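Just so you know, structure 1 and structure 2 below are the same protein chain in two forms, each on its own as structure tokens.
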Structure 1
């Protein structure tokens, strides 16, 4: 019998508000432990929560961008469980009346349905390092507003999960509601995966996988877990419903605890936050404020600049990269050449330095000037690549670098004719080989001219002069 994985994802997004979800404590990453707390987020007796209006607005913005139905009646609930990083012994979340239902994220081959989008507060953080076997708790993160985005079990492979997360992150970045930085915990993902016979619609026992710190980590963990579950069912055993942790070093999932059901959390309505009816006029105002989203931008870039779907897709997947391209395109009309440089040399630098395009690339005006210098024949493509690296590192303009290094391209016809004549004089054998019909001799002679000129000769002119000198 053939089996298939069935995957659903839960993304927890930290919203970029200045203060926490239900109190006025400032949100600031990397502060001294427990310095960003108050009686409300610590759950002290008599301290009452008040919903952060900005957080609700951001949550609404995301829900609308995902095509969700915003609920008219919204309430908060207490999710009860005991863990040291949860100061109140419950988490303010949403259970049966979340903010929104029924959204979608479209991939090239299918649409992933969004089951629900709801607001909740984050827990604290356990500290273990350097404490001689002890653990301490930092409550600075407790109470930070989180938006949970839950898919239906529509994802059929680890790669599809990766593609969904990539698309979702792009949408969130365009909305400017979160840093979407997994390393700082502002975007986290848990995965639910089960295995069933192909063709069936029922779901098998569900395993939740946690502790995945990158999208690649999510894909790797799901690949391992899918393989592990397949081994279990092929051995005629039953998959255990549990929560497992991904160990990125060992590249395995490890059993953590049995999987909880909703009733285990004893949800009940949050008595200190009254239910409310969402103002339809306010929701429509948020809808009108939505920016151009990735799908619409991809279509516009293709139509306006004649880009291929692949090129436009790569640009649009990173908002900062698409912004950089459009700023350059406003000053330089050769779109394909511009895309080639951004997706080639600049993207390589981004991946190498693990940073954004504004840090890895030179300023827009300098890149455009560099491309125009190539077009005019002042420098060669090869030289330009070296200049680009120094431009990005030193933030100097291309002309000052070229002048300081004396690496401008030689395009003077007389100078190149002299260089060709000298090479032909020195390479009688290659000249004879060429006359005997050996085509690669021509390539060799071009290379010798480039060597003679220190790589600065204009290749187009070298070819033209050499062909004429050889009687072609």
Structure 2
């Protein structure tokens, strides 16, 4: 029998509001433990939550960008469970009436349905390191607004899960509501995966996989889990409903708790927050204020700059990269050359340095100047690549680098004619070969001229002079 995996993802997104979800504490990372706290987010006896309107606004923005319907009646619920990082031993969340539902994220080949989007509060963090076996709690994170985005089980492969996350992140970045950094925990992802006979519509026992720190980690964990489940069903056994943890070092998932050990969260309406009816007009105002989203931008970039689907796709998948491109394109009209540089040298640097484009690439005006120097023949393409690296690393303009290194292109005719003459003098054999009809001897001779000039010769001129000399 043929089997297929069925995958659904739950993404938790920290919203980058100025203050926490239910109190006035500043959200600021890397601060002294418990310095960003107050009676409310510490859950001290007697303290009460008050909803941060901004958090609700950000959440609405995301929900609308994902094409969701917005719940008219907004209420919160308590999710009860015990853990030291949860100061009240319940989390304010939304249960039966999520903030929004029925959304979608479109991938090139298919649409992933969003089941629900809801607002809740983050927990604190346990610290164990350097405490001689003791544990301490840092509540700075407690109460930061979290948005949970849950898909329907529409994802058919680990790669599709990866693609969904990439696309979702791109959309979220355009909305500017979160740092969206999975490695720093501002975006987190848990995956639900089950296995069923191909063509069947019912779902198998669901396994929840946790503890992935990168999108690639999600894909790897799902690949492992899909094949583990396949092995189980192929040996005529059945998978069981459970929660498993991904071990990125050992590259396996390990069972954490079974269905029997699952929590009963005892949800009930949060009596300290009064339900309210979302104001239609302000929701429409948020809808109107939505920025251009990746899909619309892709279309616009293709139309306006004649980019290929692939190039435009790569650019818009990283908002900062597309912004960089557009800023350059505003100063430089050869968009094809521009996109080649970004997709080539600059993307390489981004991947190599694992940073954003603003760190990996030179400032916009410097890149544009560099490209114009190539066009005018001041430097060669090849030299330009080295200069680009130097520019990005040293943050200096192209002209000062070229000047300091003496690597401007040699376009002086007399200088090049002397060089060609010298090469021909030294390479009599190649000259004979050429005359005997061996055309690749020409290429060799060009290379020798370039070598003689330290790679700085203007290739167009070298070609022209060499041809003329050989023709004599």
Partner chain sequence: MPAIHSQTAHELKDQMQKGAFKPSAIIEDLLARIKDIDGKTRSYTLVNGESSRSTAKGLDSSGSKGALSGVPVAIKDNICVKGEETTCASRILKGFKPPYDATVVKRLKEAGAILLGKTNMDEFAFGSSCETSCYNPTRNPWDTRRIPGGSSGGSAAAVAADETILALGSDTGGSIRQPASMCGVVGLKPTYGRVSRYGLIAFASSLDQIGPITKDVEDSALLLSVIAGHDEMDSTSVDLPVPDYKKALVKHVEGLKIGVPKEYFVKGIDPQVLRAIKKAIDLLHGLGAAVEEISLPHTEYALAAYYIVAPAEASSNLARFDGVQYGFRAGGAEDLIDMYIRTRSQGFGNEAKRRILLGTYVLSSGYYEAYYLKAQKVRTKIKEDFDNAFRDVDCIITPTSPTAAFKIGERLEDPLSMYLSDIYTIPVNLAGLPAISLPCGFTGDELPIGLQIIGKPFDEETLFRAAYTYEQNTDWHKKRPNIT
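This structure is a prediction, so every number in the text was calculated from the model and none was measured. Positions refer to the first chain, counted from 1. Whichever C-alpha set is largest while still superposing within 1.5 Å between the two forms counts as the rigid core.
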Form selected (criterion: the form predicted in complex with its partner chain):
2
Following rigid core alignment, is the displacement of the residue 436 C-alpha between structure 1 and structure 2 equal to or greater than 2 angstroms?
yes
